[in-house]
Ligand SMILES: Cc1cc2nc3c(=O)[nH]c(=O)nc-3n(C[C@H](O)[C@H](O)[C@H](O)COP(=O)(O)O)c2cc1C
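The data below hold one chain only, encoded as structure tokens and taken in the form predicted alone.
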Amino acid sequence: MADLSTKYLGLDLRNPIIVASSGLTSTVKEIVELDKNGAGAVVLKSIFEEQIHLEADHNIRKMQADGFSYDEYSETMDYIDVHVKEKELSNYISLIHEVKSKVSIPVIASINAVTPLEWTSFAKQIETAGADAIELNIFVMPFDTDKECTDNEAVYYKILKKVKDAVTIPVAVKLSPYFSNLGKVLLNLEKEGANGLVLFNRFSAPDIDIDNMKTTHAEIFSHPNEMFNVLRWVGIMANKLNADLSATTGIHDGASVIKMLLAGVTTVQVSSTLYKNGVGYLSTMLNDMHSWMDKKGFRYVDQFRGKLAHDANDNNNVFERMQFMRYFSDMK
């Protein structure tokens, strides 16, 4: 049987399928099940910088409603802010401790950051708690028309640098495709010390209910068709980077894992397909990979990883072409 083992961020994985940061990785019980069903590693559910601030604001408003009053510079505000942060961070550290005592697969902590302010000390606590690596899930919404593209990009570099300066464990950056020069940003993140790059974030999206005339949320789970933009950028950048690439969004079966590996990723990250099919579907995906590798005569993943990446592919224009001109001009 084919050997699916690989390395990601310098860590030994029994296979390239990582369960992405999600509700599936939020408790010890669920992570133990993922381990039993064959996950190569897990990324813990993110701790959100914005969520901590929102909870602190909620507590402050509640105290005001109960008759407490203070100005924005009062010690009460500072106490609430610190208390909420300490509670959230303590719970997260406890989760890492317990998970590491129950499973042998790599456990990657996830920080959802929007500013470079407070994550240095927390990153160190994550390392001390036993996390094998950190995934920085960063997104700066580019809607401020007063800012230049480089201003937004600088936030990513600053967060990464602060965390890298604080820890010795590997650090990956999970980011979106929304940059004016994505390839350059990926190269810059590697230059700033990123050990891995995760392509791409999938965001909550708006929808409109035309019957009830109100805004709502779009589908929360990814669709298999969403993998193709990830595939494009993996294929283009795989041989231009030394940092490991991990692909996420739209990866729903063993075939899509194989496609990403052929394009050059080190690992993939999945969640939507496990919500839809159950965590036992991990075994199906792994069996499909084994069957394909046996059929093609590959004994190890490294024998075909990157075989169809942009620089290794005679038909590399498929990664570059954005318009359908040729396709439609050939149609009768």
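These numbers were taken from a predicted model, which means no experiment stands behind them. Numbering starts at 1 and runs along the sequence shown.
In what follows, reference is made to the form predicted in complex with the ligand, a form of this protein that is not presented.
- Within 4.5 Å of the ligand in the predicted complex, a heavy atom is found for all three of Arg202, Thr248 and Tyr275.
- Here the chain stands alone, but in the predicted complex its contact with the ligand, taken as any heavy atom within 4.5 Å, falls in 248 to 256 among 149 to 157, 248 to 256, 231 to 239, 163 to 171.
- At least one heavy atom of Ala20 is located within 4.5 Å of the ligand in the predicted complex.
- Heavy atoms of Ser46 reach within 4.5 Å of the ligand in the predicted complex, making it an interface residue.
- Using a 4.5 angstroms threshold between heavy atoms, Asn188 stays clear of the ligand in the predicted complex.
- Among residues of the shown chain, Ser271 is one whose heavy atoms approach the ligand to within 4.5 Å in the predicted complex.
- Only one of Asn195, Gln125, Ser222, Ser176 lies close to the ligand in the predicted complex, with a heavy atom inside 4.5 Å, and it is Ser222.
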